[in-house]
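Below, in structure tokens: the form predicted alone, a single chain.
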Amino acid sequence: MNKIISSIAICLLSITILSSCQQEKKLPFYGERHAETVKDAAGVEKIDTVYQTIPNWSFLNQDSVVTTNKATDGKVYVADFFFTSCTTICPTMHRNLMTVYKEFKTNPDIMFVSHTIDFKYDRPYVLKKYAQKLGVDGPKWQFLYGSKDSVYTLAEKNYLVAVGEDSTAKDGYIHQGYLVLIDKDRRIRGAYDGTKEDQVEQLKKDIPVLLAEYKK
């Protein structure tokens, strides 16, 4: 009997530890970071780590409406960089991202933001047609147009995604196909190759983990 009780106790302890580990799981932070002296609620000074964040931005969306970071403030969102005439990685990337969109479509805490890098052709009406063809309707997934400097700087300096014009490339542009996961405080918490299904599946698993951090 004592052996049975001991076995049950060990099992319960293992379950408790496993549950605790799952609850405490957090995603990493990406980008630059620095130490800063801050005061807590009691006014006591302490050293805290400040992580790289996405700055304020303002672009035109697929409905020709000025859209700013206020659309994503307080939400977890997935960002990427693409262009509508891309025939290489974009179709696969957005087809995979569409599965993430469908899975979290009814969750008000999740958004999707796609920045075009084709400042010459991808005007809002082009983005609108692209979104409709993809099967996206409503404000949950924003397709954004902006100047070359504003978009390229945001991509490379803030989202840490390489983009650029390239006359030798098949479609005239080059870019990485990362799906970048941003938390409610504008910090980078993950980057997933949108052309690889296993990484997209990992993104689906990581989104709830990130959301759970804000429920404590």
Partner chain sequence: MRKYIINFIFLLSIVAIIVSCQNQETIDLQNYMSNGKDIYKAKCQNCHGENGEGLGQLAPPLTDSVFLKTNKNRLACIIKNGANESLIIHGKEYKEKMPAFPELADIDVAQVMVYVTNSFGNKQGFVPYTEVSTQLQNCK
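Residue numbers count along the first chain shown, from 1. Given the structure is predicted, the values throughout are model-derived calculations rather than measurements.
Only in words, not in the display: the form predicted in complex with the partner chain, which the text now covers.
The closest non-hydrogen atom of L144 lies beyond 4.5 Å of the partner chain in the model of the complex. Using a 4.5 Å cutoff between non-hydrogen atoms, P91 counts as a contact of the partner chain in the model of the complex.
Taking the partner from elsewhere, H34 is found to have every heavy atom lying beyond 4.5 Å of the partner chain in the model of the complex. Taking the partner from elsewhere, F112 is found to have every heavy atom lying beyond 4.5 Å of the partner chain in the model of the complex. Note on contacts: among V100, V76, L134, I117, the single residue with a heavy atom within 4.5 Å of the partner chain in the model of the complex is L134.
Contact with the partner chain in the model of the complex, judged by any heavy atom within 4.5 Å, is made by just one of K46, K70, K26, K170: K170. Using a 4.5 angstroms heavy atom cutoff to the partner chain in the model of the complex, none of N56, K148 and K157 count as contacting.
The single residue of 93 to 108 lying near the partner chain in the model of the complex is R95, the criterion being any heavy atom within 4.5 Å.
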